[in-house]
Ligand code: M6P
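Given as structure tokens, the chain that follows is alone and in the form predicted on its own.
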């Protein structure tokens, strides 16, 4: 038996980050997140270059490939806009039958999942926690801890992203820091 090749993908256990020749890394800064946080006035006065979160993504197949999988690592910085914790924008999948897995590797936070009828479910994320996001469910991750929150994800290559629905309709709740504790506030719209 012989070894034909070595994997071009790497996962660094120490910092929980993906590496490889096909790795795509993006960042979302305060300036990129207009109208994501409830207090837009406060967000607009903050340093627009401050990083809120970054994503490293491996796409071994083309987007839209049926049967393909993507894997990614997200890092949400510790911080707040007013009293609302830093979070991802959140999205539904365009292919509404797509599910996804998240698993925590560093820090603590919450996974917010919302069905199309706006009912929601929240799970605490921490190192070793695994979160299944079912089909037809929007999802967002919030860093409620005192350090970076790092988690990984795996989802179908044909899932696609629907950010517009969340941008226009928002999630049905938000997570705020109230006296040092995460507090869930239900909302009708963002």
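Positions refer to the first chain, counted from 1. This is a predicted model, so every value here is computed, not measured.
We do not show the form predicted together with the named molecule, though everything after this point is about it.
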Quiz item: What is the one choice in 157, 30, 150, 153 with a heavy atom within 4.5 Å of the named molecule in the predicted bound form?
Solution: 153
Self-check item: Selected contact from 80, 105, 74, 98, since only one has a non-hydrogen atom within 4.5 angstroms of the named molecule in the predicted bound form
Solution: 74
Quiz item: Using 4.5 Å between non-hydrogen atoms, is residue 132 touching the named molecule in the predicted bound form?
Solution: no
Quiz prompt | Distance check, residue 115 to the named molecule in the predicted bound form, heavy atom within 4.5 Å | solution = no
Quiz prompt | residue 55: touches the named molecule in the predicted bound form, heavy atom cutoff 4.5 angstroms | solution = yes
Quiz item: Which one of these stretches, 60 to 68, 142 to 150, 47 to 55, 118 to 126, sits within 4.5 Å of the named molecule in the predicted bound form when only heavy atoms are counted?
Solution: 47 to 55
Practice problem: Could you list which residues of 82 to 110 come within 4.5 Å of the named molecule in the predicted bound form, counting heavy atoms only? | Solution: 88, 89, 90, 91, 100, 102
